[in-house]
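Here we start with a single chain on its own, the form predicted on its own, put down as structure tokens.
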Amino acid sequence: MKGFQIFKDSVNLSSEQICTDFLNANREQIRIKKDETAVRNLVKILDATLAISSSKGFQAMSVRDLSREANLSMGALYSYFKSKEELLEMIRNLGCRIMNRVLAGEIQPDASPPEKLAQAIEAHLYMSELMMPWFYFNYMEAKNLSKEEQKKAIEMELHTEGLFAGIIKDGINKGFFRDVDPNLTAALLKAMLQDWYLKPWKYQKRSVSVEDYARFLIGMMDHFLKNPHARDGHNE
């Protein structure tokens, strides 16, 4: 297992880097010429959005609230987005891009299915720990999306589950895992991963670290999936 600090250092996701990604993906909407100014203000905007959403909910937040919290004029805010709905969509898309990129980088193509599953679980948990306000925001605010964006959110949820299901199915076909329903197993695993950032107080109270939880989930999935007829974790 890779420790959380090693993972954090390797992905190196600072607020500035996240907002640079945000800027690059939304240059058509953001009407600011200087990148340095845009990134600096995006840090303020996104931090303020997550803070207000955590306390009162995104839907209850007004642009005036955001202006006050971010210490930017309303005119300045509208240089970055046209509406609250557009801001919500931009934030959700950012989280999806980062998660997909990190998962792709952490799952080694030449690894065995059990190793790939462990890498995926670990990367997902460590990302949710590193960006917990973002994960919580994306989950809680999905209900406020338009029907079209809700459909995209569901597709993203199924995409992540599909990644886990694909690894599990490959492990079954290669004899590493016993015969189970890959989709149901992946759905249950995703729910357990979400529990980490939706109910952090539960694990803090029990002094469970993200590394402890990753180790537990990996061990549990290994025990559940292991093919008793495989030799030393390898297919026969």
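Worth saying up front: this structure is predicted, and the values here are computed from it rather than measured. Residues carry their position along the shown sequence, with the first being 1.
Although it is not shown, the form predicted in complex with the DNA is what the next lines describe.
Chemist: Do Lys33 and the DNA come within 4.5 Å of each other in the predicted complex, heavy atoms counted?
Modeler: Output for Lys33 is yes: heavy atoms within 4.5 Å of the DNA.
Chemist: Considering only heavy atoms, tell me if Lys147 and the DNA come within 4.5 Å of each other in the predicted complex.
Modeler: It does not: once the DNA is placed as it appears in the predicted complex, Lys147 has no heavy atom within 4.5 Å of it.
Chemist: Arg206: heavy atom within 4.5 Å of the DNA in the predicted complex?
Modeler: Because no heavy atom of Arg206 falls inside 4.5 Å of the DNA in the predicted complex, the answer is no.
Chemist: Are any of the heavy atoms in Arg101 no more than 4.5 Å from a heavy atom of the DNA in the predicted complex?
Modeler: Arg101 lies outside the contact set for the DNA.
Chemist: Where, among 110 to 118, 73 to 81, 158 to 166, 126 to 134, do residues come within 4.5 Å of the DNA in the predicted complex by heavy atom distance?
Modeler: Only one stretch qualifies here: 73 to 81.
Chemist: Of the options Ala186, Leu193, Met61, Leu50, which one has a non-hydrogen atom that comes within 4.5 Å of the DNA in the predicted complex?
Modeler: Of the listed residues, the single hit is Met61.
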